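So this first bit is one chain, no partners, the form predicted alone, shown in structure tokens.
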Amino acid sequence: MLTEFAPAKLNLALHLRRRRDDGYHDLETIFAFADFGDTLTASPADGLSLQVTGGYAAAAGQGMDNLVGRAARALADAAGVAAGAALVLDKQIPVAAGMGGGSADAAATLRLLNRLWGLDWPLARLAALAARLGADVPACVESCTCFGTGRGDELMPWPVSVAGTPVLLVNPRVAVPTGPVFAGWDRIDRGGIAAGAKLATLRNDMTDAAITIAPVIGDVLAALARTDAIMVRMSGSGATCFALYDDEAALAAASAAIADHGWWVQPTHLR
């Protein structure tokens, strides 16, 4: 049995630039990843199968009709592999939460089966395959801080390290579908992200649309802003919000202060 970690994805900033004719959006974003996430295991088998366990198993659903299944089949087809795998996903990332849980799981599937099947593909080759599965799956293959343009699938290094930064993840237990949030964007281009820009000067252009759909997101952001955070922001299309802190004491104090709201709260660190 082999094991692969699927770290939760955060958008430290997300600037929308324009809606394209194909329905997608050109954007600029800074991807970062947490020490919290899902875990995927695989054992040799004749065919492909998936069992989902963990706190969000019911929301994720069982069987191969999801991004994990699509990733497994895509890799098998691309590599000409006849072997199978018995996959087990421990689902801890909330579903439809702006943390790229499905994308992280798909990326972990590619990395894991690459090892199980002895393919020895480099990450760049896996990322090229991942682009067919979703715009942020290539970033999740690498699972390191990077700058994304285009649909978010054109990646380059981000020059400022955030590794080890204490971060508090908070989700109000509301699932927010990505499509309606994108559709609610006011289509005003407020400018891109300069290389090395200070994170606190950036933004998430999807925040207002997400709050319109789920007003409780505004409550989460306000509660986090009352803590000793150095930055507060929504991730992706929501509903998860996060706050960055200078040290462990500030993280612990914020986690305790937020706990009374009945929201999902996860203290962790950036990778």
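Sequential numbering from 1, following the sequence displayed. Everything numeric here is computed off the predicted structure, so don't read it as measured data.
Below, we turn to the form predicted together with a small molecule, even though it does not appear here.
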Does any heavy atom of C144 come within 4.5 Å of a heavy atom of the small molecule in the predicted bound form?
no
My question is simply whether A135 lines the interface with the small molecule in the predicted bound form - judged by any non-hydrogen atom within 4.5 Å.
yes
Any chance L50 has a heavy atom within 4.5 Å of the small molecule in the predicted bound form?
no
Consider R17 of the chain shown here, and say whether it contacts the small molecule in the predicted bound form, taking contact as heavy atoms within 4.5 Å.
no
Any idea which of 172 to 180, 91 to 99, 110 to 118, 78 to 86 reaches within 4.5 Å of the small molecule in the predicted bound form, heavy atoms considered?
172 to 180
Looking at L27, A34, L224, I217, which has any heavy atom no more than 4.5 Å from the small molecule in the predicted bound form?
L27
